[in-house]
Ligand code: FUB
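This document opens with one chain alone, in structure tokens, the form predicted alone.
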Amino acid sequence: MKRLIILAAMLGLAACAQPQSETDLPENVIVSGTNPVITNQFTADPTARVFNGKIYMYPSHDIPSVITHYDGSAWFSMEDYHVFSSEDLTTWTDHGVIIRQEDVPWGKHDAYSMWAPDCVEKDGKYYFYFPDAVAEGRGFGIGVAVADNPEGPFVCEPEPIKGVNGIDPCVLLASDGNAYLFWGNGRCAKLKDNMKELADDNPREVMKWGDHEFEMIGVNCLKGLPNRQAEGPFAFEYNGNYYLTYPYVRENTEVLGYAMSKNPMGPYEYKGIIMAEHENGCWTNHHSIVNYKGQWYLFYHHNAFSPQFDKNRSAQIEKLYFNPDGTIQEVKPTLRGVGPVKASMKVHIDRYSSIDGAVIEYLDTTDLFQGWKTVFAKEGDVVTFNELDFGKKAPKKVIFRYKADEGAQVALRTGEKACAEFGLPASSEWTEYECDLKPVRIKGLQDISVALCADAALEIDWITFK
């Protein structure tokens, strides 16, 4: 311990004091530059669109299950839609509920089946497309709600789109001047200019189901491609190519695959995987792909806030890159995510970029939306958080929110460089302590690491700099 105290003095160990509390944010604002991006509710099937220089995210809204599957198990339950917006992919505004199941004139008001939606803008109007169980008859319809602003208010059309029976709509505004509706397991049909009806010149094909024949409008873009239990098509255009991306079951859970074409309605050629199966066995994935300020992003979902029940999912974001030939590089899920995080924010190092020895646990197992904590136990346990923005002015203090029954000695590093070492006093309750960083000067964008210097039972919720 004597060696540690001497080293701490050389590197800048300082006495600790209680910090001032952070200014409270409005209730509808969520700050999260890490994954998941929305931390106060479930947000599955995230469709991201760029309107008026902002990212708008239209997810479905999982709730604790209130309906059961045919086998008696708890099932997906969704009763409404929220819309979220952000200018920086870190600070998100929840604009509230835009459509409830009871708002849909043609829908079944107790179906809890408002699955993956989409929203596009044309001629100053915003068209929100969503699936719902039909009140009369069987199956699903796809409805349209219209607004003057991307956050609403939206007004539902009195009837679903005629000729469409299915779920998970996506609308592609193609460079050929047409709008195309994709739905279900890869079906595609052209829309009329009013964005509410299928065009009259769509191809039609006769399908057989047992002894019954029926007519289907449009084309099956996934015909002949890997498409086991395919759903949730998302189409976009880039550099002269059309991309049809979709979840399908490769083995036992969904992957995100994609195909390419020179025509919006195909034929499409399968190219491979965008994202592999979730390692924890979460059965579904569902996504969208968008270019925002010159960077492509993949929005997708995972059950981070519901590890024991994969019907409650949360939106996450990763950067996405193309190869020179237009194919897509496989995306690996991360905890760090993509949003810029300033050193003056609460830095949740449990959303790590890398980890060695330390482990991550939930803060409160009765309320998982409280998030996570980093648990250290052995000398050398370390966690690293990438791309923390210190700006042009070096901070003078670092604040730890921690618990350590007998105290702990921790080191702060930037990259491979040791910055300072701190002695955290004993505390059996969550405590916020601030320590001097003088004479350490940390500026700009840095990867930071927090390491345990000697064996101790230490838990850290977050750190921040001021």
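Numbers for residues come from their place in the sequence shown, where the first is 1. Computed from a predicted structure; not experimentally measured.
Not pictured, yet referred to below: the form predicted in complex with the ligand.
Of the options Leu181, Cys119, Val83, Ala116, which one has a non-hydrogen atom that comes within 4.5 Å of the ligand in the predicted bound form?
Exactly one residue meets the criterion: Ala116.
Within 4.5 Å of the ligand in the predicted bound form, heavy atoms considered, which of Thr284, Thr245, Asn303, Thr374?
By the 4.5 Å criterion, the partner-contacting residue is Thr284.
Using a 4.5 Å heavy atom cut-off, indicate which stretch of 202-210, 336-344, 272-280, 224-232 touches the ligand in the predicted bound form.
Among the listed stretches, the partner-contacting one is 224-232.
Is there a heavy atom of Met78 lying 4.5 Å or less from a heavy atom of the ligand in the predicted bound form?
Contact check for Met78: yes, within 4.5 Å of the ligand in the predicted bound form.
Does any part of Ile167 reach within 4.5 Å of the ligand in the predicted bound form? Heavy atoms only, please.
Looking in the predicted bound form, residue contacts with the ligand include Ile167, since a heavy atom lies within 4.5 Å.
Taking the ligand as it sits in the predicted bound form, is Thr47 in contact with it (heavy atom to heavy atom, 4.5 Å or less)?
No - in the predicted bound form, heavy atoms of Thr47 and the ligand never come within 4.5 Å of each other.
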